[in-house]
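Form predicted on its own, single chain, as structure tokens, below.
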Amino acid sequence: MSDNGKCEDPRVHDIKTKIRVVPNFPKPGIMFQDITTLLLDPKAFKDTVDLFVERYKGKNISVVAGVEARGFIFGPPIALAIGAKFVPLRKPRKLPGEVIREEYVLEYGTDCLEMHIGAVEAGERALVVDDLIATGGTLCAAMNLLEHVGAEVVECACVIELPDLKSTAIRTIKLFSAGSAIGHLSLAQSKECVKFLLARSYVE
């Protein structure tokens, strides 16, 4: 049974067990969520992608925007499966040519995302993909970039949530969880966001 009282897809449990938690990496006090162990298991990796594809196929989504860097792992196979283009949202000075940029707040400072001008057109329906949501600042920046050029952000799809970090987000993010309803939550309610994600971060 999931946190929202509905039966959990059996694939979700297997995915959770494949995510390794590495203490004190990359610095003391950080519990790093290592998805490389998930990627080493072809079935679990495929199940992760399939759960998202099942949600978004046939929803008229023409853009899958992947957040650097691990959004580049999950985003392209989802985009191919639903017939959408993949648009990378990158850190500063990684994209050649003209870009638009959006700064955002992290739990330890500030950062920035950039997107190519012309990659997304007004009126397109977009999905934002990342592996993990912590404070929500990165997803908000991604949404702002897409909405700045007139796209409609349908949802944000993440695999993991870090429930113990306080939100820095100042807007509502629409999140997807396999096998559950769709909800609109302010990330100030960070404890509730797990109900709308694929897998909650946990340490045995």
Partner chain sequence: MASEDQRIAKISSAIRVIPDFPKPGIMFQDITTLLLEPKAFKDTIDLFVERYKDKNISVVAGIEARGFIFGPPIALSIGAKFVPMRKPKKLPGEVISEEYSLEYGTDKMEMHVGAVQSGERALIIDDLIATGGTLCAAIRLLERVGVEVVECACVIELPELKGRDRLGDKPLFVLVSAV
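Residue numbers count along the first chain shown, from 1. All values derive from a computational prediction rather than experimental measurement.
Note that the form predicted in complex with its partner chain isn't included here; everything after this is about it.
**Q** Can we say Pro42, Ala69 and His116 each have a non-hydrogen atom within 4.5 Å of its partner chain in the model of the complex?
**A** Contact check passed for all of Pro42, Ala69 and His116.
**Q** Counting only non-hydrogen atoms and a 4.5 angstroms cut-off, does Pro96 reach its partner chain in the model of the complex?
**A** Contact check for Pro96: yes, within 4.5 Å of its partner chain in the model of the complex.
**Q** So in the model of the complex, does any heavy atom of Asn60 sit within 4.5 Å of its partner chain?
**A** Contact with its partner chain, no.
**Q** Give a yes or no for Lys46: in the model of the complex, does one of its heavy atoms lie within 4.5 Å of a heavy atom belonging to its partner chain?
**A** Lys46: yes, in contact with its partner chain in the model of the complex.
**Q** Does at least one non-hydrogen atom of Arg125 fall within 4.5 angstroms of its partner chain in the model of the complex?
**A** No, Arg125 stays farther than 4.5 Å from its partner chain in the model of the complex.
**Q** Since the partner is left out here, which residues of 22 to 37 would have a heavy atom within 4.5 Å of its partner chain in the model of the complex?
**A** The stretch touches the partner through Val22, Phe25, Phe32, Asp34, Thr36.
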